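The chain below stands alone, shown as C-alpha cells; this is the form predicted on its own.
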C-alpha cells in the first residue's frame, strides 16, 4: 500500500532540532522525501537525514542563513534541483527572543523580524515556481504570541502576528495553484524542557496540559492533505487563546 505522501518532496526549514525535526521525520514516515534545512546545527541535521533514510526515503541536509535572501534562493534552488521537484514548504525555523518594552534593542527587533517573518516570505517567494508546478502547499509556523501579545516578548509577538497576515496574503497571491496555511502552537514540551514550562501552561490552558510534538505533526499532515483549506491559521494550543 502506497503512503499518503509517496512521490512528494518537502523542504522543512529549521529541521535539525525540536519541532522542525519532528515535522521532517513525520513527513518522511508518510512517504515524502525531505530536504533538511539547518543554519549552524549540521551534526543534528545529518542525524535527521540518517533517520529519514532508515525509513527508506531520500533526504539531504542543506545549510543556509535565512537572514540572507541570496542564501534562501540558493537553498530553494539546491533542494528543487536535487530532488527534481518541490511539493511542500514548511517554514518552521524561528527564534524566541525575550524582549520587553524597556529591553528591546534594534538588534533584537531585527533578529526576531528577520528570522520569523522576513525569511518565511522570501522562502515562499523563491519556492513559488516549484510549488506552482506541483500544485503544492506551504505551512507557516505562527504561535499564540502572535494573537495574545506577550509583553516580555514584544518583537517575537509582532513577528508571529505578521506570520498570520503573511499566511493570508500568500494564500491569495498563490491561489489557486498553491495552498498556504499556518499552525499556531501553544506550549509544546519535549524531552529536556524545563518542567516549569509545562506547569505554567497547565494553569493557563483549558485542556490542562501542554502539547506534544505529535499534536503538531498531526496538524501539519492535516493541512498538507486538506485540499479545500487555504489562508487558515490552525490553533493547536489546548484552548490557550480562549
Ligand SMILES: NC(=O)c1ccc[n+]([C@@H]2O[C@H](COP(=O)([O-])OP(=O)(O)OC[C@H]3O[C@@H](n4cnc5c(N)ncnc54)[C@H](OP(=O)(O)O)[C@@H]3O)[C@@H](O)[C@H]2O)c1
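On a predicted model such as this, the values are computed, not experimentally measured, just so you know. Numbering follows the first chain given and starts at 1.
Absent from the display: the form predicted together with the named molecule. The rest refers to it.
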query: Partner contact for residue 232 in the model of the complex: the named molecule, 4.5 angstroms, heavy atom; finding: no
query: The named molecule contact in the model of the complex: residue 141, any heavy atom under 4.5 Å; finding: yes
query: is_contact(residue 217, the named molecule) in the model of the complex, heavy atom dist at most 4.5 Å; finding: no
query: The named molecule contact in the model of the complex: residue 188, any heavy atom under 4.5 Å; finding: yes
query: Check all three, 118, 167 and 174, heavy atom within 4.5 Å of the named molecule in the model of the complex; finding: no
query: Residue (of 86, 93, 124, 137) lying close to the named molecule in the model of the complex, criterion heavy atoms within 4.5 Å; finding: 93
query: In the model of the complex, the one of 178, 66, 28, 61 near the named molecule [non-hydrogen atom within 4.5 angstroms]; finding: 66
query: Candidate stretches 77 to 85, 100 to 108, 152 to 160, 129 to 137, one within 4.5 Å of the named molecule in the model of the complex by heavy atom; finding: 152 to 160
query: Neighbours of the named molecule in the model of the complex among 23 to 43 [non-hydrogen atom within 4.5 angstroms]; finding: 37, 38, 39, 40, 41
